[in-house]
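Next comes just one chain, in structure tokens: the form predicted alone.
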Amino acid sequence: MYYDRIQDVKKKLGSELAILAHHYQSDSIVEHADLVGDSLQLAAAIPELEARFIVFCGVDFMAETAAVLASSEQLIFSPDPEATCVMANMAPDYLVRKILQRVSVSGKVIPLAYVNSSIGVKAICAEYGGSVCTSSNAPLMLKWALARGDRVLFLPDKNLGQNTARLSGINPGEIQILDIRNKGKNIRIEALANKKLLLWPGVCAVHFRLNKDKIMDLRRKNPGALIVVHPESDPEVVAMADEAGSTSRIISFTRDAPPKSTIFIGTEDNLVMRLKKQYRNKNIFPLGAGYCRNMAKITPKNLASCLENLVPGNAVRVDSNLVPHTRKAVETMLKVSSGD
């Protein structure tokens, strides 16, 4: 029933409509999408889209970022505005500003926010001369940020921050996970003098479930198996895997693995099970990250309802005061990533 309703609207609107879906969406959503991708791919696609109505199947920060990048003639819609991100919620913009003010006493601090953050946080990053990044371009953006200040505040994911630091050759002694309790008053400013990288203590609720004990057990039982994980995983998990990378990297790693390979994939299970169906000549198993409850809030039912009510009053709205800085943060990332 919902399938037909969705397809009816797609046929009626044609090129005026574009449905975007993150890789972590279920097959029942992905089958309707005009574009499926990770955060960087979807963000980069927004300025190129000619569709008047853009429906973003993902969590709230993705739809908000799309609304910032869209033209004045375009409207962004979310099938469920209550689909939030646990990680993004760990770094509210008012607290990020407080912490930045606190640590900036130690010198020039450049904030670099993972795209899994609110537009308020993205705007603050641009205001302080920083930018944003995705899991695929984090090393490049960290290098960019380090060249512009005394140290970088990476937020909100401490795991991605630590894994990116390792790839960037930053010594563990130059990294400090911040104590953000009591609005940052617990931070000892004098202890930051020799630090290059300050980390916000946030984590992904999905990738947090992966642990080194499970990988050790898998290694014992499946000595020839390949393990690939997302860099939002704990650094110990990443160190024990054969490969770590963004969703796009996980897809290419799985695609390029030899036939009959046994592969355990540590990321959101919708993507894992889709890869299992796609590459039937390989033995693919989820590592145990499970499903994202917020991504699962996007259903065929609310997608159909959204498509049947594409009116301005239902579009995603963002604070106009935040738009210029937020757009600058994202466009800086896109420019640096493209090599311009």
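Keep in mind the model is a prediction, meaning the values are calculated, not measured. Heads up: residue numbers just count along the shown sequence, starting at 1.
The form predicted in complex with 1,3-dihydroxyacetonephosphate exists for this protein as well; it is not shown, and the discussion that follows is about that form.
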Task: Interface residue in the predicted complex among C306, M62, L275, A70, criterion: non-hydrogen atom within 4.5 angstroms of 1,3-dihydroxyacetonephosphate - done: M62
TODO: Give a yes or no for Y114: in the predicted complex, does one of its heavy atoms lie within 4.5 Å of a heavy atom belonging to 1,3-dihydroxyacetonephosphate?
DONE: yes
Task: Contact test in the predicted complex: S131 vs 1,3-dihydroxyacetonephosphate, heavy atoms, 4.5 Å - done: no
TODO: Although 1,3-dihydroxyacetonephosphate is absent from this view, report whether K122 comes within 4.5 Å of it in the predicted complex, heavy atoms only.
DONE: no
- [ ] Answer for S78 alone: is it within 4.5 Å of 1,3-dihydroxyacetonephosphate in the predicted complex, judged on heavy atom distances?
- [x] no
TODO: Could you tell me which of 313-321, 21-29, 7-15, 328-336 sits within 4.5 Å of 1,3-dihydroxyacetonephosphate in the predicted complex, going by non-hydrogen atoms?
DONE: 21-29
TODO: Would you give me the residues of 210-244 that have any heavy atom within 4.5 Å of 1,3-dihydroxyacetonephosphate in the predicted complex, in order from first to last?
DONE: H230, E232
